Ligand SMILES: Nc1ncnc2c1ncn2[C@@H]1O[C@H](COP(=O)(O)OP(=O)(O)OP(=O)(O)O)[C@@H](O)[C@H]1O
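Single chain ahead, by itself, as structure tokens, in the form predicted alone.
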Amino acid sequence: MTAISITDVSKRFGPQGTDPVLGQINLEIPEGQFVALLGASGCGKTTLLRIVGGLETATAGDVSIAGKAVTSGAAARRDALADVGFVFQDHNLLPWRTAQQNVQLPLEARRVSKASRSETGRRMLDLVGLTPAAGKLPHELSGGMRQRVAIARALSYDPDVLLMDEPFGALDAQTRDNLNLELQRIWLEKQKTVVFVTHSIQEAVFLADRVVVMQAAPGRVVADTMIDLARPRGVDVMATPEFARYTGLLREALNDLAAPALDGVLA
């Protein structure tokens, strides 16, 4: 089943005649697939993610999630986005609320009972390995811990789709590697459809089933690559020839070297 359908989506931030940020984007993402959107800053990958998540309006084209239109009116958009979670680069935790209270925030908005909120909050913190931090405020947590709370919050209402906008981009390399392992573990357990924005080739190859490479002026897809590496993946996979092959070919796409031929080579 198709989880996300993106059809002829374009975007410009200005009147007719302004250069578009996104050209015509067409993507079909099946249920349960982990897709990385890879590209340099300014290629439109975050804009595309925000359009899918209903945070930006497309200038043209259509987006649907599980067959429900995101690009229709407000009521239809709310229905389509009811099963979508979003994780940003900035964790956006409320500083006066504990880790568990932050995780429970979406459940409060959905008027879930207090007992059920508490049980879910504890369960989600356990999922991300933060049970001991349940009563701590954000300033008492490390950057990696805050991002894990943000992931737990996004999963608290059990969405079918998880949209992630460079969630580990501001973290040090070791913390980022650890969180990539943690995210892979959660994805294998939960089997959500994930769209993950990154500018790191290694991160994309390590995490994803499929890497969609974007280039700018206007933002467009130049390669769509299936990553055939066994799961679960440990950090040792990064030292293998297969991993090096994928990262090398994706680097060529990012550098616009033989990009038109890559779809056939990497499919």
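Quick note: we count residues from 1 along the sequence shown, nothing fancier. Just so it is clear, the model here is predicted, and its values are computed rather than measured.
One more form of this protein exists, namely the form predicted together with the named molecule; it is left out here, but the text below deals with it.
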Want to guess which of 236 to 244, 35 to 43, 57 to 65, 202 to 210 is within 4.5 Å of the named molecule in the predicted bound form, heavy atoms only?
-> 35 to 43
Would you check, heavy atoms only and a 4.5 Å threshold, whether residue 21 touches the named molecule in the predicted bound form?
-> yes
Does the named molecule come within 4.5 Å of any heavy atom of residue 160 in the predicted bound form?
-> no
Should residue 166 be classed as touching the named molecule in the predicted bound form when contacts are defined as heavy atoms within 4.5 Å?
-> yes
Residues of 231 to 247 having any heavy atom within 4.5 Å of the named molecule in the predicted bound form, listed in sequence order | none
